[in-house]
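Coming up is one lone chain in structure tokens, specifically the form predicted on its own.
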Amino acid sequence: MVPPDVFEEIWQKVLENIKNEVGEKTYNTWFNEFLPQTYIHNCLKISVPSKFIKDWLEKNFYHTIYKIVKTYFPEIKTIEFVVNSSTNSYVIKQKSTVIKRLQSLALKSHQKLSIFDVNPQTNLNPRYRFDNFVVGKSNELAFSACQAVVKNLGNLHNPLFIYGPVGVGKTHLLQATGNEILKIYKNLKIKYLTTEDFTNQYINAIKNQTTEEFRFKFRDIDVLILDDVHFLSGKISTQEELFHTFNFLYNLSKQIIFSSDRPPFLIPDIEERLKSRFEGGLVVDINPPDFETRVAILKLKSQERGVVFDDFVYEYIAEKFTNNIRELEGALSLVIFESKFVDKLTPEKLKEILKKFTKEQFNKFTPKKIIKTLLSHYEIKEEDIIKQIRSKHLVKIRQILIYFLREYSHLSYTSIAEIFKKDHTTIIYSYEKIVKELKENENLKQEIEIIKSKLLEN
């Protein structure tokens, strides 16, 4: 049996690995009071301080956390986040029990992949399949193109370029295509990765003087699936390397599949010769799902989790959340969790549960509360914001504050201008700049979500 202090040491390693994976700022925001609570039937329940954090972790970091936890405790099959918002005393009391249950797991060797593990050779997650991808008018062309690619590898639609906004199912479809290829052609070498991963691996290869090994690794494959190629914008050296990798694979009739949040001609700071490669096969888009498709997605996700609701639940969520699938899944997760604590899920109760996912909750925030929250988040003083200091950092914070005052307090441009002692045209420019940037800057989106979570908690 592993002594308690050894368990503490191992759990600290889990936390350190999570911090290294997600970054210190994200870790400090989302993983505070992240503690093991119970371990029953190979399921580790981890306590978090609020429902908002629970839903955010489930949507954004579940697989990262699961992979790291399983590295140290191989027998764990699933993890679950549970809310313990009132006090941590229960967690503290239960900790010794959890330690006892987990001690025996800590020293055991790794087991084989479970259905939820990412395949280390391909980077594919087997939970993404064609049979659980809901097809509708918004994605049927892209789905048909992927099916055609599987049947005609390297000969039809090569490369295949799929584009669409965040959260519409691009990653699911790309990985499902890879998994289908793997199922049919068992001996083929397939590699799925994000463009950010590709870039980081290339940078490390340059730093470690292992570029030849890097090139061999990505040219000794039969199918290359590269997600989020818009990340290449402005990265000239990585573009150069991908261009030559593309040519090598293409000349050998190897299949190449790309995804992006926009069509090739709209990706800024990309070499024309690489754009022409992107456009050389089939370019097809995926749009946000229509109402019928959203309802079908909700029913499938609900079924996968062993829960069945009345149709009004799925229809209300589908009407309320129209932007993307992630938003739908987040709303459904909250309803599934909250429904455990009510005798009957009525339309009125459903609206109450989902209120936090809408702007209605943010509309009540006063300008004073918004300003106070942002000052605390960025650890600056109010005079730093009001003074006409032109440092790049402070300018960006002012623009974000203007966005929140306009979006969630609904102040007029003139009223915001009075706060900052600026012309209202400057306020309009700042607001619109953030709105535009949010469409393409994932880091800014995450920053906005973090601030919103702090507004909720306050």
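Here the structure is a predicted model, which is why all the values come from computation and not from measurement. Don't overthink the numbering: it's just position in the shown sequence, from 1.
One more form of this protein, predicted in complex with a small molecule, exists but is not displayed; see below.
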| item | value |
| --- | --- |
| Residue among Leu156, Val166, Ile336, Ile371 with a heavy atom within 4.5 Å of the small molecule in the predicted complex | Val166 |
| Option touching the small molecule, based on a heavy atom within 4.5 Å in the predicted complex, out of Leu300, Ile203, Ile380, Leu345 | Leu300 |
| His172 within 4.5 Å of the small molecule in the predicted complex, heavy atoms | yes |
| Phe365: touches the small molecule in the predicted complex, heavy atom cutoff 4.5 angstroms | no |
| Proximity of Asn132 to the small molecule in the predicted complex, heavy atoms at 4.5 Å | yes |
| Contact test in the predicted complex: Ile325 vs the small molecule, heavy atoms, 4.5 Å | yes |
| Contact stretch among 292-300, 195-203, 236-244, 217-225 - heavy atom within 4.5 Å of the small molecule in the predicted complex | 292-300 |
| Joint contact, Tyr128, Asn139 and Glu329 to the small molecule in the predicted complex, by non-hydrogen atom at 4.5 Å | yes |
